[in-house]
Ligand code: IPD
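Just the one chain here, the form predicted on its own, laid out as structure tokens.
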Amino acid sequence: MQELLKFAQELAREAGELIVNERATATLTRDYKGGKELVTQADLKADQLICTGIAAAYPEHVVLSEESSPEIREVWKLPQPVWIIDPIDGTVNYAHGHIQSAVSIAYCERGQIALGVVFNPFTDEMFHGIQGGGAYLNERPIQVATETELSRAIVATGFPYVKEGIEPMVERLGKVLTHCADIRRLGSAALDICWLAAGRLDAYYESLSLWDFAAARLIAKEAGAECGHFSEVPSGIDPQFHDTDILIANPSLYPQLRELLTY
């Protein structure tokens, strides 16, 4: 696993260098997947770099990528190891010159997320976690914050590109703002969850895609977070891969927030 970790970290750094250079030296081309979701040429180039690197080193492995292979489903049932990647998590931030964007790489084998790497090249922060081996930021151990009072908690979330059916989200947001200290919407789910792992945030909730959270969820769990959902997970779906109504918080706040957010 240490060999895989080193490989993933090196890939993340290479992809990070690419996206930093693309923004600094090139005019970003912009397209919209489904007419809604922003994608730039840097997303596609970083995706190609990571996928090519994995194929060269581990040709028998499967790659689930937001940009090049988003159609893969039920990765926990695949017999081969699976890499789950998001070349730029926080593309809107990236395209607007913000620094809250990251490369996310997770490794799954035998139906378990075993390794996660999230790298922000704009701040040179490398988060990683190995199943059963703890969570780290730039090789230093991290752990979740110890806040126990919901009224003092800083909670992060995000909102979808598609705005239909947004009313329940706004209602939940109102509950959180009423009962918690404040809310953050930073624009990168992977980094939000890693910030929670590092104690910078107290909780996080949102519906996502697997590549947004696979690596960061493991990092948060290894940092002491409780990871679950505030609605029921459908039968037949492994909860660690379920992407709807995700809730991550320290063990004290998790049950309080779950009760607050449950439909």
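Start at 1 with the first residue shown and count on from there. This is a predicted model, so every value here is computed, not measured.
Same protein, other form: the form predicted together with the ligand, not shown, and the subject of what follows.
Across the proposed site, Ile88, Arg185 and Ser188 without exception bring a heavy atom within 4.5 Å of the ligand in the predicted bound form. You can rule out all but one of 216 to 224, 201 to 209, 229 to 237, 49 to 57: in the predicted bound form, only 201 to 209 has residues with a heavy atom within 4.5 Å of the ligand. Using a 4.5 angstroms limit between non-hydrogen atoms, Pro81 is distant from the ligand in the predicted bound form.
The ligand is not drawn, but in the predicted bound form it has no heavy atom within 4.5 Å of Trp76. Shown alone here, Asp31 lies farther than 4.5 Å from the ligand in the predicted bound form, counting heavy atoms only. For the stretch 152 to 186, the set of residues having any non-hydrogen atom within 4.5 angstroms of the ligand in the predicted bound form comprises Gly158, Phe159, Tyr161, Arg185, in sequence order.
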